[in-house]
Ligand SMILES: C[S@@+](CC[C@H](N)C(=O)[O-])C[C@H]1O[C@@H](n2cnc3c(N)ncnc32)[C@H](O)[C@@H]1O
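Presented below, as structure tokens, is a lone chain in the form predicted alone.
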């Protein structure tokens, strides 16, 4: 049986199966969200932005097309290699661990989008990420964190389902242990049984507020969906936080 080794995101995100399973994500919705964010932020042209945990770079490319100077970083070497062909004078990609400082006092805005946070087993790593973001931002720089609304997700958790994609039946089981939401993914391909597991900390609004305060940020706004509607604990599917470096 093929299984992941080390931290789950290091191996799972580097597999072709990850991209098969999530191939139907609504990128037009994601681009509408980014447009809404940019309209809200009203950034000057060619500000320097970091897309932290950028994956294959699709959203970095879109941000760059909107006139921003963008650096996209991700721990997945395979994803970064797929993003590299899109590079230009104002768009670059690199492999990087978000817990560490990439370039100090460099970026006007750091984007961390589409639940690319809380992957670690150690809760203290969340503060490490935010402290690194603080160091990478210029004075009064902005961080945008788009996370799931953990309360909503837990209330609507689908325990079991099967997704059939590209001839593979992905058997998905979800659970919660009081800290992490687990997503176990089992399937067979080319005669081999495979097992992977995603683990994301169910970080709630008050916890984020506490972490951001400890990391030296002032929260500006909190939204609950990609249209930037007000956050509602029981109804919002997203937790979108805009904060400024003190």
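All values reported here derive from a predicted model rather than from experimental measurement. Positions refer to the first chain, counted from 1.
Here the subject shifts to the form predicted in complex with the ligand, a form of this protein not shown in this document.
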Does at least one non-hydrogen atom of residue 119 fall within 4.5 angstroms of the ligand in the predicted complex? yes
Looking at the partner-bound form in the predicted complex, is residue 101 within 4.5 Å of the ligand by any heavy atom? no
Report yes if any heavy atom of residue 54 sits within 4.5 Å of a heavy atom of the ligand in the predicted complex; otherwise report no. yes
Can you tell me if residue 148 lies within 4.5 angstroms of the ligand in the predicted complex, counting non-hydrogen atoms only? no
Can you say which of 107 to 115, 133 to 141, 148 to 156, 162 to 170 gets within 4.5 Å of the ligand in the predicted complex, counting heavy atoms only? 107 to 115
The single option of 180, 69, 59, 183 touching the ligand in the predicted complex, heavy atom within 4.5 Å: 59
Taking the ligand in the predicted complex, which residues of 73 to 101 have any heavy atom within 4.5 Å of it? 74, 75, 76, 96, 97, 98, 99
